[in-house]
Structure formats: C-alpha cells, structure tokens
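Let's start with one chain on its own, the form predicted on its own, as structure tokens.
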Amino acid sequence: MLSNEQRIELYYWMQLTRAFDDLMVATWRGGRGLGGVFSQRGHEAISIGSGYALAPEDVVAPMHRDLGCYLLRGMAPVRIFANMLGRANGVSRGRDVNLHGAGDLGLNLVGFISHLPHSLPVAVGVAMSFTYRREARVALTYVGDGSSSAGLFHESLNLASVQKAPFVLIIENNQYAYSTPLSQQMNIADIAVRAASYGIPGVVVDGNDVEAVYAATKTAVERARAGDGPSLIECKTMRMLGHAIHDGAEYVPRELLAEWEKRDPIVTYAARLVAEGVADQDELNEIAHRCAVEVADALAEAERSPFPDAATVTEGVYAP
C-alpha cells in the first residue's frame, strides 16, 4: 500500500522524467545536441512504477525509453545530459553520446545494449549469479513488443524459468516496433500469454497507470526474491513520438496518437491525486516547476562541461 508521500514521490519522478525529455527533445531539434536521442514520452509510468518497486541492492538493465529508471536509481540529470553531449563528466566520459553508455554498476544499473533484446540474457545472467551466491536480490530488465518476437527472448526466458532465476521482465508494448504496427508483428492480442509456454506468470497492466505498474512489479519482485522464479509483465502504452529524434512517425495514424494523448500518464495521475485529496493543484504545479528548473540547470552545467582529453581515448575501452 503506497502512502500519500510515496504517491507524491512517484509524481515527482514522472514529472522530472517528462521535464528532462521535453528539454532534451527541444535541445536536439534546435541543433544543440550530439548523436541521436530516444523520447521517453508516454513511458514514464512504466519506468518509474517498475523501478520504484525494486530495492537498492537489486539490479536493473533499462532500455532507451527507460530514462525515468536511470533518474530514480540515482543517476543525476547532469551526468545523463553530459553523456549525451559527449562531455568528460558524462557517464561514459565522452565515449558515447546517448543512453547506450549510461550504465553505472555503483547504482546497480547495467548499461543499455543497443541491439534488442540483448540486455535480456545479460539480466538473466545477473539473476542467476544471485542464486549461485545465495543473495536475496532480483534482476529486472525491459524489452519492447518487437523484441518479444526475437530468438533471444525465447532462449532467455526459457533458461530463466528452468533455473528459477530471481528475474522480472517488463514488456513495454508501445504498439510499434520502429515503424511496424503490432498487428503485423504477431497474431495475439496480449504478449503476456507467451509466459505460459515457459511455465511462469504473465500479467497485463495499463502501462499508463504508475500505481498499477508498481503493484504488478512489486508482486513479481517479491515472488522472485522468495525463490519462486521469474515473472513477465506486459505494460500496454503508446510511443508518442517517433523511434528516435530523426523519425517523424508519419506512419502512425494521428487519431491513434490523439486517443492515447487523453491517457497521458502524468496528466491522469495528477488528476487522480487531486481528486483523492493527496495533493492540490498548486502543490503539483510547484513540483512541475521544480523539475523544470532542475533539468534546465543540469543541461546548462553539461553544456559548460569540457570535452574529454583526446589523449585518454583508449582508457576504459579494454578490460585490464
């Protein structure tokens, strides 16, 4: 049961994620960024709700639309912006220019692997290591709807099930695998039904409801920690912008986006908090303002930061 303080905290993390995302997109569209970026817009309830259900000692491998999970786990906005701008104080110290290089094992964050779903077997391996060491810890990762049809999806879940690994998989079903709609990817309505073939629980939740995502993830995490094996959670949502900054997503029907816009996870959660007397609109507006200032300051600091010394280009590339 979430307390009112925790519910406001969930709202803060979602609002911080949205503020970061909005500023990131505007900055890159204005030509001030490096490389490509992937918008998290519409996914905030998934990354925050699931990440909030983990303990600090658990390990998570977020994807490119899980910015909120990075922030929630303690990665400062300035470090992420600096990484995206190729600066020396970025997470990868200038070796990467997006979220691909944003892993930090000190925060129990495994860096995102660009090819999908290649973070999946890595996370399963992490979970199995917990079993070998008899540690009451859980590993969690995310895949998209398109990744759920890849061979590694089957191989990884099958192994996790057989080994009863303390593992949780979140499927972010956002209706499109790049430009391919769900109806052209698979002939099932719910991806979660695939869990039955591995003998593990599979549930479907509203991916725009942060508390529903939290509750489902909390149940799965507790099950995994108790030694009962992995779970699969399908979160249904919508990717509100293109695959990446360069993609205008002209292939997505405008009326479909309009329908999902009405279900915006932050707007609907704010209305719920006000309706249930958890917070008033002024308090939520203050949180939104605070988040906007926080990310604006972070971007300004990142833009002032130095680029890495070219003489260090080989450092941290090869394992000792």
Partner chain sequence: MNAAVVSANYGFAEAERSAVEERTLTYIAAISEALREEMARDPNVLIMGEDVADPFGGAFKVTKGLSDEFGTRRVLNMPMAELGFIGAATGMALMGLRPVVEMQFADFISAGFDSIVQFAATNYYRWQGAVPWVIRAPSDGGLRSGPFHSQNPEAWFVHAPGLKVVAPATPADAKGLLIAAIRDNNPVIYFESKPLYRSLKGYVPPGEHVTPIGVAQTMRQGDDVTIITYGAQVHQALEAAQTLAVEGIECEVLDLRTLKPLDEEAILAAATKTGKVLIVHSANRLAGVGAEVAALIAERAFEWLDAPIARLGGLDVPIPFSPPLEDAYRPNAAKIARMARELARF
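Numbering follows the first chain given and starts at 1. Since this is a predicted model, take the numbers as computed values, not measurements.
There is another form of the same protein, the form predicted together with its partner chain; it is not shown, and what comes next is about it.
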| item | value |
| --- | --- |
| Its partner chain in the model of the complex reached by all of Tyr70, Glu172 and Met186, non-hydrogen atom within 4.5 Å | no |
| Heavy atom within 4.5 Å of its partner chain in the model of the complex - the one residue of Arg225, Lys218, His243, Arg93 that qualifies | Arg93 |
| Contacting member of Leu109, Ile80, Met238, Ala177, with respect to its partner chain in the model of the complex [4.5 Å, heavy atom] | Leu109 |
| Options 204-212, 226-234, 96-104, 190-198; stretch whose heavy atom lies within 4.5 Å of its partner chain in the model of the complex | 96-104 |
| 4.5 Å heavy atom contact, Leu85 to its partner chain in the model of the complex | no |
| Proximity of Val122 to its partner chain in the model of the complex, heavy atoms at 4.5 Å | yes |
| Residue contact check: Asn89 to its partner chain in the model of the complex, 4.5 Å heavy atom | no |
| Any non-hydrogen atom of Glu155 within 4.5 angstroms of its partner chain in the model of the complex | yes |
| Partner contacts in the model of the complex for 111-135 (non-hydrogen atom within 4.5 angstroms of its partner chain) | Gly111, Phe112, Ile113, His115, His118, Ser119, Pro121, Val122, Gly125, Val126, Met128, Ser129, Phe130, Tyr132, Arg133, Arg134 |
